[in-house]
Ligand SMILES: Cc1ncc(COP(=O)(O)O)c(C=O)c1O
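One chain comes next, on its own, written out as structure tokens in the form predicted on its own.
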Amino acid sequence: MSLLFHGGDLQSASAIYGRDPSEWIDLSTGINQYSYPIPAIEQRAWHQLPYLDPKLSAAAASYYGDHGCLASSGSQSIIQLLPSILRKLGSAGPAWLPDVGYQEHAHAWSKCGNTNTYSGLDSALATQQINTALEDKRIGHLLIINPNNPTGERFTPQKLRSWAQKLQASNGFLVVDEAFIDTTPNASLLTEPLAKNVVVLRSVGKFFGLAGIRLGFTFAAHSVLAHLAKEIGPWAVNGPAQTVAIAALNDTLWQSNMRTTLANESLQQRNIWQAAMTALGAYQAGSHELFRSFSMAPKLAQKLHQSAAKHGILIRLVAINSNTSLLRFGNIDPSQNINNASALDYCHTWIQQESE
């Protein structure tokens, strides 16, 4: 069980602030507010042991490409297993990770050997740091979150493939977490065959808005997938999740329309916060179609985080260092209503009070 704090924990927030879980506007995750519509689920999906349905494998190949693939109950279990497996199969040298990013990666790698960090806030600086470390042969394995969460920083597939090639000389692996790449699928490493030292993680939870079904896919060489499969055991993905995912991964019309919707709403979602955050002394540090992050002094971030929570708005606070914190705002669902007020009006009222 993870001891790290994550977004979307309405139960803990409710216990702290004395508010029912149903009375929150949850902006603390990057999960799509427009969830894929759940299809009818046959009785056999509940009744039978959930062996992997060949239709799920076919749907995954259609959506992600024809690569060696392992389905699992979300990416989290794989993140926890990968460090020890990759150290057995490859380099024993230090793993390099972003200093700002999904914290479970650093937590897992730190339990399995030395780690170093590169900038998660500035991709140009990160590129320079990684290139220098590769030239000096100081990287055992390299972990990239692409796009980064919560900063939105990105690297091109060409750059990532060049790093993977350089890592081969030292028997190192490149691990790329693409949980948020579905809005721009052409930027994925899965558009081409994967090198044997590349591992790609994908999630059905973010873009499809289906975090609750707990389904992820790992793409890698057979040797990596075999070790992972042994560790996660049989029946790793429940039957109802497989049914939903088959429909979602095959629904190309919904996918195309959703990418257009999110792209069209991206500016509107940013403008909800941009002027107020600037007036308060913050600036936008990164963005994605499903979230945007603002950088500010830690005291201001703490104040805004607590003030928003008291108004029933849950946002994500990310501590960077003694001088800087980030607040990450997920997308607002304009159709959500609380206490006869729209979520948009609710957020406007709060931020207007803070700006006065």
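Throughout, we count residues from 1 along the sequence that is shown. Note that the structure is a prediction, hence the values are computed from the model and not measured.
Separately, the form predicted together with the ligand exists; it is not shown, and the next lines address it.
- Proximity to the ligand in the predicted bound form, taken as a non-hydrogen atom within 4.5 angstroms, holds for one residue of L215, L82, V175, A95, which is L215.
- Checking A108, L228, A179, A126 for any heavy atom within 4.5 Å of the ligand in the predicted bound form turns up a single hit: A179.
- Not displayed here, the ligand is approached by N149 to within 4.5 Å at the level of heavy atoms in the predicted bound form.
- For S75, a non-hydrogen atom is located within 4.5 Å of the ligand in the predicted bound form, even though that partner is not displayed.
- With a 4.5 Å cutoff on heavy atoms, S203 counts as touching the ligand in the predicted bound form.
- Proximity of Y102 to the ligand in the predicted bound form: non-hydrogen atoms within 4.5 Å are present.
- Only one listed stretch (87-95, 280-288, 141-149, 261-269) carries heavy atoms within 4.5 Å of the ligand in the predicted bound form, and that stretch is 141-149.
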